[in-house]
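First comes one chain, alone, set out as structure tokens in the form predicted on its own.
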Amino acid sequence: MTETTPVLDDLTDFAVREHRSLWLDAWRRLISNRTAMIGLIVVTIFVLSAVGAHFFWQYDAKMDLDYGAKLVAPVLRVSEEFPEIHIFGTDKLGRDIFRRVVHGGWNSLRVGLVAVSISLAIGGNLGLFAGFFESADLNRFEKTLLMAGIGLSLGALPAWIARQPFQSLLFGLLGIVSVSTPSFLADKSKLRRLLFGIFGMLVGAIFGFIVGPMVALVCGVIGLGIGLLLAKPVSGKVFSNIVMRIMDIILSFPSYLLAIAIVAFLGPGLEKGMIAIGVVGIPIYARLARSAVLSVTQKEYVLAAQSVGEGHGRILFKHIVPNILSPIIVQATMGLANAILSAAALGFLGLGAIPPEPEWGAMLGDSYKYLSSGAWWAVLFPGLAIMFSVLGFNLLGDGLRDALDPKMRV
């Protein structure tokens, strides 16, 4: 009987697949996307020019004045009439627009990075915790941190009115005490609320007397309300609802009007504009992070981690955060474009960088009135800088959205 041996040399085990990194696959898909590469090139040019000009091309805006070259059209070569080259022309004070546009990119880049960092740090963490603790129970330590944070946050209002920062710390301590209430008060809710209300009122009123009787009255009433709120520790689901309702309230205001109101309250300046734009963007990241967390909390790997008794912190930052980074990275990239556009809008209204600091929106606000006299270059080039930087980040964000989509992985 003849024994046959199968030939295995030409057979491939398709079940065994080479391990590929998600980030490497995303990079390959990104570089294969033409529009994304165009956006990446534009963003790279923008970042390199802004950083390089700031550190290697000194510019003193206060000394940059030449009234003899006021509103000169673009000059590409030196002549007797024009002894200097101005490839973008000059503005109403004779300042070189090209130099101001390049240095203005540093301010726009700073605004984008700082504003997105504020929005992401506050909104992202609020959304992360709100989404996770909506279905998870808080342990004692987490309840203590939560109530302390609520006490500090609420106590900031009477502390600001009375100009006594230490007052906010006392309300934070009251939040900690609400979790560590003695056992004889655990079941006596009325007595508990009464004691917390009286203590909150005393904390607010005593520090208010340092400023005046009316301030003491106002701070006492606010402290009474804070004490009553802290009398009952907040659960995870209640915390999630409170956070998202606050986000809904912020979203109910038009973004530009809210930013203008914040800047009007804080005062003009580029740093104040960063804070205003960052605060306006907090609800976007909070809602995105919460929805992303809710989509993965019931996944098998999260349930398996909970079943073996892993702590909440380990589950959050080892299992959940790495799996929700993709949409947040995309939103942060596109948020940079929105921050640059918002900074330009505030600068156009005179609420951004303080003159003579170069900033694209402020340059538009100073020069648009000269369009009627034919000085188109004073408006065109700052406007093009805003358009191309925003377009670059938007194209890159769209490309990242496709590249980081796990459904595109083959």
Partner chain sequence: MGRYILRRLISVIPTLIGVTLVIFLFQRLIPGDPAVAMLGEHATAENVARIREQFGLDKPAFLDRDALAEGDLPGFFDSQYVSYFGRLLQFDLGDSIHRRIPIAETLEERFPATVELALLAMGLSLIIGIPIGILSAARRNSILDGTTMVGSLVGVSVPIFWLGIMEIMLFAVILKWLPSGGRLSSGVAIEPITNLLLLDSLLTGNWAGFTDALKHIIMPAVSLATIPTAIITRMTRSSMLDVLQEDYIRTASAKGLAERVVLFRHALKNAFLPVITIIGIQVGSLLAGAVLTETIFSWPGIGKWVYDSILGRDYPIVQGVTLLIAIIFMLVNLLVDLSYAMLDPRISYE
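Residue numbers count along the first chain shown, from 1. A quick note: this is a predicted structure, and the numbers were derived from the prediction, not measured.
This next part talks about the form predicted in complex with its partner chain, which is not shown.
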Heavy atom within 4.5 Å of its partner chain in the predicted complex - residue from L71, V243, L157, V234
L157
Looking at V238, L191, L257, A121, which is the one with a non-hydrogen atom within 4.5 Å of its partner chain in the predicted complex?
L257
One stretch from 172-180, 72-80, 243-251, 100-108 that, in the predicted complex, holds residues within 4.5 Å of its partner chain by heavy atom:
243-251
Do I41 and its partner chain come within 4.5 Å of each other in the predicted complex, heavy atoms counted?
no
Give a yes/no on whether I198 approaches its partner chain to within 4.5 Å in the predicted complex, heavy atoms considered.
no
Could you confirm whether A344 comes within 4.5 Å of its partner chain in the predicted complex, counting heavy atoms only?
yes
Its partner chain contact in the predicted complex: G383, any heavy atom under 4.5 Å
yes
Determine the residues of 223-240 with a heavy atom within 4.5 Å of its partner chain in the predicted complex and present them in sequence order; the list may be empty.
none
